[in-house]
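In the block that follows, a single chain appears as structure tokens, in the form predicted on its own.
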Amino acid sequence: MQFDSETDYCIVGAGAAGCVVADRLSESGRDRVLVLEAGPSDWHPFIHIPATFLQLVRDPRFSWYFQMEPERELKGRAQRAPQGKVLGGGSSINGMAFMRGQASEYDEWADKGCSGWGYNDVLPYFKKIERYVGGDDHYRGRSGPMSVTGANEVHLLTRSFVAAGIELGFPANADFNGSARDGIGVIQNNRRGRFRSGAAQTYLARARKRANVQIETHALGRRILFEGKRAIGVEFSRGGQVKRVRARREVILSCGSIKSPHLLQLSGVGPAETLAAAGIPVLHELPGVGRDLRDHLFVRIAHRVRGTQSMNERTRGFRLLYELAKYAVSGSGIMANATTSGALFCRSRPELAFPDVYVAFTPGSYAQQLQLEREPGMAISVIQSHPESVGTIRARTANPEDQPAIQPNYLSAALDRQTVVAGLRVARRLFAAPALARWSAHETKPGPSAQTDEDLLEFARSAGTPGLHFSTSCRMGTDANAVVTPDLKVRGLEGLRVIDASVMPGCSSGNTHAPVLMIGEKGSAMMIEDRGKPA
């Protein structure tokens, strides 16, 4: 087999985890590290201005704008799934919510056979990520590469949302990344001053200054190359040419929960029936590749706003010009903030030991997925934190440029349907509390006619949108359907690891960015430890 170049480590995908791995593996200067990214560099100014991420998620230059399969429980709707296709991946185009997840979920990972992934095991890696001022030293990091902070400006409606929750008896929570997840408060962001502090602007910015790091953008991974059952390199296309790079040590897939299982399948690693249907020869049968896909479903209740301004009108016309000027002069205003700003973590049933509902507040409302309405509005999104509905990623053909079939199967589990309905009732209670009701003209979605559980479930089926927190499609574990072992090596193969959200054995209870960074940190540490062992 002929190769065009060689490296020690080849990382496929410069998303959040890939950036971390590139930085940590190259720190010593011992080994050469090549990063292949299908998208461009993070050159666009909208990447760096927090509020403008909504303009990027549908831009094919920076996003895989996947078309998903029709969803039976969502009335046959086939929706889009934007995913980052740029240096930094999703961390360059997401809403910057920085949430680690609750301690209990990591202990559950360990209980599922993922030894070394309990909360006490992963906490040091969470701390290693961040530079945070405030909170408890036991839980928060002070000297990491990524700046994490509270909102630049807490909108009046967000403050009212928090006050409404306290009126209802929910505890105030000043730090969702501290000792407890329960309660209501303001979401933290990975932001440095007026700018986004994503993985490309922190970890990869350090790595790319080193002589032993090479970054190739617009480089689409086509397949992993093997000698027997050992990964020895990657075939990729760039500028109309197909090239091969040999990896002397390891190949690392950090393509995310859609592209990582897809690339494994394109390489002949996955369920035999899926590979056969796509016309791909089986190199290594691994039934779990592309199985167990999970995502949060967002169901938003919206109200028309009166008596104050929402984000909707502040991002249009002369008000937008004012906000742009404010941002340019002082780095403040709505342009320095993400859209979702408040959160409540609560229980759908009182007997539960831990919160299972994530309620997210936006001082604006959406006409459709990720597009703000023109009229003043505010919205509360209801999310089942740990969905039991599972789906699949399947290669359609052997062509790397063809999109895979993406089928999350939202609301297919009865518990998810029950939890969403319970969460919608919590959202209505929040809107009815005096602190928030004073700003409401009326409910616009679903509207006052939706009263029964059946009505609310029908609304969820008609209006629910993907949370874009895809995970678990290459999950780790020790059972027969696990794709990677707890040290993130692909089962039955050598020289190949997966380090991204796809390895999670369960869906994170909040946003996935912080957990993915942690996986990158811990995965890198395990690789460096292995590197020091005698051959």
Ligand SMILES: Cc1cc2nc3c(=O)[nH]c(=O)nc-3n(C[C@H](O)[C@H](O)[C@H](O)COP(=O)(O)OP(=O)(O)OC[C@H]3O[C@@H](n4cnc5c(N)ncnc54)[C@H](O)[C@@H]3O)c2cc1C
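The shown structure was predicted, so the numbers you read here are calculated from the model rather than taken from an experiment. Quick note: we count residues from 1 along the sequence shown, nothing fancier.
Below, we turn to the form predicted together with this ligand, even though it does not appear here.
- Although the partner is absent here, residue 468 is a contact residue: one of its heavy atoms lies within 4.5 angstroms of this ligand in the predicted bound form.
- Within 4.5 Å of some heavy atom of this ligand in the predicted bound form lies at least one heavy atom of residue 513.
- Within 4.5 Å of any heavy atom of this ligand in the predicted bound form lies no heavy atom of residue 274.
- When this ligand is considered in the predicted bound form, residue 12 lines it closely, a heavy atom lying within 4.5 Å.
- Within 4.5 Å of this ligand in the predicted bound form, a heavy atom is found for not a single one of 7, 22 and 144.
- Looking at 85-93, 436-444, 177-185, 239-247, the stretch with residues near this ligand in the predicted bound form, meaning non-hydrogen atoms within 4.5 angstroms, turns out to be 85-93.
- Only one of the listed residues (219, 406, 231, 380) places a non-hydrogen atom within 4.5 angstroms of this ligand in the predicted bound form, and that residue is 219.
- Proximity to this ligand in the predicted bound form, defined as a heavy atom within 4.5 Å, singles out one entry of 255, 299, 264, 251, which is 255.
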